[in-house]
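In structure tokens, the next block holds one chain alone, the form predicted alone.
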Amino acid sequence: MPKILISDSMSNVAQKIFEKNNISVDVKTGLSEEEIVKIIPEYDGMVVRSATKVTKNIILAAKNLKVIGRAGAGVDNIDVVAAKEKNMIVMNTPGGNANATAEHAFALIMSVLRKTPYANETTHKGQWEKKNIKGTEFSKKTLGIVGFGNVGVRLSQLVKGFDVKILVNSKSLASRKKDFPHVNDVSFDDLISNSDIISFHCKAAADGKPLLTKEHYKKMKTTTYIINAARGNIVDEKDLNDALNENLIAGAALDVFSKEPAKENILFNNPKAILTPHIAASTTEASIVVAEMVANQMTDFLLNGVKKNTV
């Protein structure tokens, strides 16, 4: 009987699917790398979300591990190279939380445009800052979307009712353009120069360098807002902080950070920055969908050899 370790908190639907298929499951969350190294030899499969870092040390210690499943899209927390060297399958669940992430990106857009967090905080304090809070309308603006996978596509659909112009920078859009007549395919420089809101929904660069640095801000409108619900190292946080302080752009809203958990960050307490703790995919609905997807995929692989959504 195959044996699975679930090392991060997720919907119990995954455990139920494994057990229904006579696959043994242990749910052990909050373990350190050393603790996982000690127990991983007894498992055939491992399921993670974003908290567990599947390091090379864990992979080398995993004598029987055949598959690592990520209940989510990104696999930055898994040493995929080391896994492939040991002939382990790494699979994710693309699209499972795309709507949740797109909705959060939209929520960040509206929050930063209408200064909602500040309005909420000051009203709770009885300060009644009505005369000092003037927002910006989303309607008729230009939205730039960098990366046009499941999340980028969903965001472009969510904003249709606002009559916004949508610019997209994506290597794969040209071959799919006929399916998305409501967006415009442009270069990265054109996008950052002409957008009122720039939302990132792409992978980080292979070399780990940020896609957005101080030189880019000089090309933007001073009324531009930056949204990042993709990967923390896409945006250089020091450069972003400088751009905000120097009024090169109007504001920013981030859900991801270069170092997580973000216990300290240069953007903390910047009044022009709205920050959330990597919760874009954290909805009740999405947690169920990705748990179902990863459990079904791993079950199909362990019992039938079927490979789906491998990376």
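Please read all numbers here as calculations on a predicted model, not as lab measurements. Residue numbers run from 1 along the displayed sequence.
From this point on, the text means the form predicted in complex with a small molecule, which you will not see here.
The small molecule in the predicted complex comes within 4.5 Å of no heavy atom belonging to residue 104.
Although the partner is absent from this view, residue 73 contacts the small molecule in the predicted complex, with a non-hydrogen atom inside 4.5 angstroms. Proximity of residue 281 to the small molecule in the predicted complex: non-hydrogen atoms within 4.5 Å are present.
At least one heavy atom of residue 50 is located within 4.5 Å of the small molecule in the predicted complex. This chain is displayed alone, yet in the predicted complex one of 170, 224, 156, 97 has a heavy atom within 4.5 Å of the small molecule; that residue is 97.
Segments offered: 52 to 60, 65 to 73, 244 to 252, 36 to 44. Contacting the small molecule in the predicted complex at heavy atom distances within 4.5 Å is 65 to 73.
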